[in-house]
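Only one chain comes next, encoded as structure tokens, the form predicted on its own.
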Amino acid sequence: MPLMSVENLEITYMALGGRIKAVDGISFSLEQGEWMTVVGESGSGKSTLAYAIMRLVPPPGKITGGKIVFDGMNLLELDKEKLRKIRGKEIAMVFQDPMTSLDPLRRVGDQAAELFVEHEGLDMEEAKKRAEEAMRSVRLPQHVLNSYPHQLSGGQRQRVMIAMAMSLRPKLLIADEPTTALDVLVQEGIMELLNSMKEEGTSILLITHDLSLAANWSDRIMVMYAGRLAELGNTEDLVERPLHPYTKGLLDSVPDLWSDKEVKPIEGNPPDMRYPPPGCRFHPRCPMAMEICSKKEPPILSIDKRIVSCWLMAKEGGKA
């Protein structure tokens, strides 16, 4: 039984132009101790998916369909009290911008200690000792505990968030673009921290637009486009033999310093989600589009332990 399974998840935003399905029928599972990375361009629904798992979709967004079953519980059916006990303790999240997640008016040490008071019932003195241990585990100096968030660098704030996420040993850690705007060395350190959690048994769900980052660290990769699943599979298989034209386009657009490979950006832009194109949402940009692609939504196919949604693969004999 997987640690988490997401079934036909739909997330809808009400906008002036009409209803926007930011996530449209996504299904996948995540095993205990597995690292899965969700990739795709901006607006593909990656972060919205992460917020839905935490039950933190901001208004006017709303989960309008599907299930999120975590450790045998449907998270969409839990009341606020049960959710409060799970967040941080069983499921932790590192948000894209730690400045929006940390209270700017409180010292970092007090915020970290509060986790242990809330979830483990420790007194404040013992909680602060645990907070100090947590910061040491991510190689942050002690003075960070007495600092306010604005006094720290971006890399330090991100490590604070990871330390707080790691401290309660959650079963699932969701990391939403945790290396955005960080230099390469800091990025590598943060990825190593996430991997250390994985080695201790925590499942990792990484959200990123960087396919090269996903390829270096993930067990599996899920590619999203315009709110839908394009492809999902083992990292090595997906990178070496992409099945969906969008996955291939993402791979072709990644520069390689060690070869003379030509970088080929994907032409065009993602669709306006208020007015998504009919059929396959990628067909206006797809170099291999067929007539049916613009008329009917492609089926979800299973091919060699891979999941792909593409009429081209259906034509080649994939099984729904």
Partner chain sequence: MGSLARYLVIRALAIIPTILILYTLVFIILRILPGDPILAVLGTKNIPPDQLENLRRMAGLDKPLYIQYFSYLFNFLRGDFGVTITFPSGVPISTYIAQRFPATLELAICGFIVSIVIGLGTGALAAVKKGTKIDGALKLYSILAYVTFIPLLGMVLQYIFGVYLKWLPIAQRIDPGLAPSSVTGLYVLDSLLTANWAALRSSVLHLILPSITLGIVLSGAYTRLLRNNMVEVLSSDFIRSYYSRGIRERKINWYALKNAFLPVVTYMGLQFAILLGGMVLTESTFSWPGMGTFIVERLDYRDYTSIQAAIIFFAFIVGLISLIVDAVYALLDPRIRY
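Fair warning: this is a prediction, and the values are worked out from it, not measured in the lab. Residue numbers count along the first chain shown, from 1.
Not on display, but discussed next: the form predicted together with its partner chain.
Q: Contact with its partner chain in the predicted bound form for Leu105, defined as at least one heavy atom pair within 4.5 Å: yes or no?
A: Judged by the heavy-atom cut-off of 4.5 Å, Leu105 is in contact with its partner chain in the predicted bound form.
Q: Check His209 for me: does it contact its partner chain in the predicted bound form (non-hydrogen atoms, 4.5 angstroms)?
A: His209: no contact with its partner chain in the predicted bound form.
Q: Though only this chain appears here, would Met93 touch its partner chain in the predicted bound form if you measure heavy atom gaps against 4.5 Å?
A: Although its partner chain is absent here, Met93 would touch it in the predicted bound form, with heavy atoms inside 4.5 Å.
Q: Answer for Met161 alone: is it within 4.5 Å of its partner chain in the predicted bound form, judged on heavy atom distances?
A: Flag for Met161 set to yes.
Q: For the chain seen here without its partner, which of 266-274, 290-298, 53-61, 31-39 has a heavy atom within 4.5 Å of its partner chain in the predicted bound form?
A: Selected stretch: 53-61.
Q: May I ask you to choose, among His143, Arg241, Arg87, Arg169, the residue with a heavy atom within 4.5 Å of its partner chain in the predicted bound form?
A: Comparing distances to its partner chain in the predicted bound form, the residue within 4.5 Å is Arg87.
Q: Within 4.5 Å, heavy atoms only, which of Glu188, Glu126, Asp97, Asp237 is in contact with its partner chain in the predicted bound form?
A: Exactly one listed residue reaches within 4.5 Å, namely Asp97.
Q: Even though its partner chain is not shown here, does it sit in the predicted bound form so that Ser101, Gln111 and His150 each have a heavy atom within 4.5 Å?
A: Every residue of the candidate spot has a heavy atom within 4.5 Å of its partner chain in the predicted bound form.
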